[in-house]
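Encoded as structure tokens, the following chain is the form predicted on its own, with no partner shown.
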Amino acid sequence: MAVPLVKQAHNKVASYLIEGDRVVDATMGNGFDTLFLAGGVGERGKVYSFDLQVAALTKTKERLKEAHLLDRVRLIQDSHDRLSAYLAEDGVRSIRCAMFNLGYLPGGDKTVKTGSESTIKALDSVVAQIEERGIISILAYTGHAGGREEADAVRKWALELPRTAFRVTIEIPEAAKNSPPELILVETV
């Protein structure tokens, strides 16, 4: 049985995380990646987690409180394309990783979703701040309006990165029929 893309992303990112890291969850959603990252950065680390919707922040805050990890996370109600401003505000000059789950908040307002323009701007910010041994994980869902276009734009962006500095891996499940999600991993080399 194939490993789900979310699990593949977590496994790969986990191999990079070090106690004390500064990391980004660019698309908080229901907080699963934020929780995963908070566990990985340790007591001295910090997760910067972004979402536009109050429902995402509320659900994620509850999840983090239950796990006693809220103190490791800064929950930010804003677009991920403004992440550089928040990192600069806290004096963060570099990050170990960033995780993106593109699309809309599961169980939330489906009209509020990520889009190519803001996602590419956020990815450019991350690339400018990623550490020498860093990773960007992008899970692109293609089954909603605009999802295929956003996935195509992100894939194009990733494949245009300089190969001397980045290794790009794209995983698309073979068993998926219509509109399969895509996992795009960008690792520094």
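Sequential numbering from 1, following the sequence displayed. Since we're looking at a predicted model, the values are computed, not measured.
Form predicted in complex with a small molecule: not shown, discussed below.
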So, in the model of the complex, is N30 in contact with the small molecule at a 4.5 angstroms heavy atom limit?
yes
Indicate whether the small molecule has at least one heavy atom within 4.5 Å of a heavy atom of Y48 in the model of the complex.
no
Partner contact for L105 in the model of the complex: the small molecule, 4.5 angstroms, heavy atom
yes
Going by a heavy atom distance of 4.5 Å, is A153 a contact of the small molecule in the model of the complex?
no
With the partner removed from view, which of 127-135, 22-30, 64-72, 160-168 is the stretch that lies within 4.5 Å of the small molecule in the model of the complex, judged by heavy atom distances?
22-30
